[in-house]
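Taking the form predicted alone, here's one chain by itself in structure tokens.
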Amino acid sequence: MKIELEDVRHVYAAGTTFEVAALRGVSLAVEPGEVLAVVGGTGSGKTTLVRHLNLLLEPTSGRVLVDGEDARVLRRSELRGRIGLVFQSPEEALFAPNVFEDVAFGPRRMGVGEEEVEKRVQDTLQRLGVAHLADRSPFALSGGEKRRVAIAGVLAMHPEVLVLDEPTAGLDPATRGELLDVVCGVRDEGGTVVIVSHDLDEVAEVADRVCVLECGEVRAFGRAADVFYAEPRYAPATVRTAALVARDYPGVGRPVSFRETLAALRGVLGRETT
């Protein structure tokens, strides 16, 4: 599935003294099978942007296209089954008496048979490492557990595009790493992921392309290396390190992830010791 935003503008409280232009003519495309990261400062429009992808918010002007078709002509239930959004605060999505029923809710609404629903719930809970919580109340879980259950609830619907708004905020390093592994796993299986994040280091580990928002406008958009090396203010630690080394050793290239940077630095050290 390809999603395109064409000159999308969104104004909150239009025509009132509280009017705020959150998006100012945003145009971009989410390509099938990629991880697209949306980054930017607080108030830059990141959450507003991703809520347009499945029309939880509708543009004040402009269009959202899904495989070339105006998203507004599609049934909302179909659209939100194909493009699943996990909110920044997982409490917004949890409501059932236990975790199993919470994760099962989406597939059941889609008309999936009960045997398949049970399989999907078990598979997704296992994948997120929370199968042991199936009978627990979602409101008795820790923050990290709630986040995993919320993601499981969306994954169980088998969306073509998974949208994650700050999925690792406030989590411990081990849990963050496990959730990023899930992101990469979705991509490896042919799915598409859009991830909003303040953490540039985690973006460096998973993103194929990056969109930088500032004041509701696209400041930069493209391959992760192209964006990070062109926009030092938004560069993760790996890129800042490589850029400094490259002043004396141009052969270090433009690595982005930790593994790429480590390999590049080892290459430089290897040449220096031979």
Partner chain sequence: MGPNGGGKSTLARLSNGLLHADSGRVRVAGLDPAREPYLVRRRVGILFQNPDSGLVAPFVEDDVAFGLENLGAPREEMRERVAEAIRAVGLSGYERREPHTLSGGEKQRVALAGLLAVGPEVLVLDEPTSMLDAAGRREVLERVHALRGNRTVLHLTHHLEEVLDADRVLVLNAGRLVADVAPEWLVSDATLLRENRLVLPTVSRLALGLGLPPAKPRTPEELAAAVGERAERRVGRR
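Positions refer to the first chain, counted from 1. What you see is a predicted model; the values in this text were computed from it and never measured.
Heads up, the form predicted in complex with its partner chain isn't pictured, but that's what we're talking about next.
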- prompt: in the predicted complex, which of 243-251, 56-64, 212-220, 29-37 comes within 4.5 Å of its partner chain (heavy atoms)?
  reply: 243-251
Interface membership of L262, its partner chain in the predicted complex, 4.5 Å heavy atom rule: yes
task: Indicate whether its partner chain has at least one heavy atom within 4.5 Å of a heavy atom of G113 in the predicted complex.
output: no
task: Classify F258 as contacting or not contacting its partner chain in the predicted complex by the rule of any non-hydrogen atom within 4.5 angstroms, answering yes or no.
output: yes
- prompt: Does H198 reach its partner chain in the predicted complex, with heavy atoms at most 4.5 Å apart?
  reply: yes
query: its partner chain isn't shown here, but in the predicted complex which of A96, L74, L171, A131 has a heavy atom within 4.5 Å of it?
result: L171
statement: Partner-free chain; cross-checking its partner chain in the predicted complex, the single residue of G144, G191, P90, G81 with a heavy atom within 4.5 Å is G144
- prompt: Would its partner chain in the predicted complex be within 4.5 angstroms of a non-hydrogen atom of every residue among E178, T238 and R266?
  reply: yes
field: Heavy atom contacts to its partner chain in the predicted complex at 4.5 Å, residues of 30-58 in sequence order
entry: G41, T42
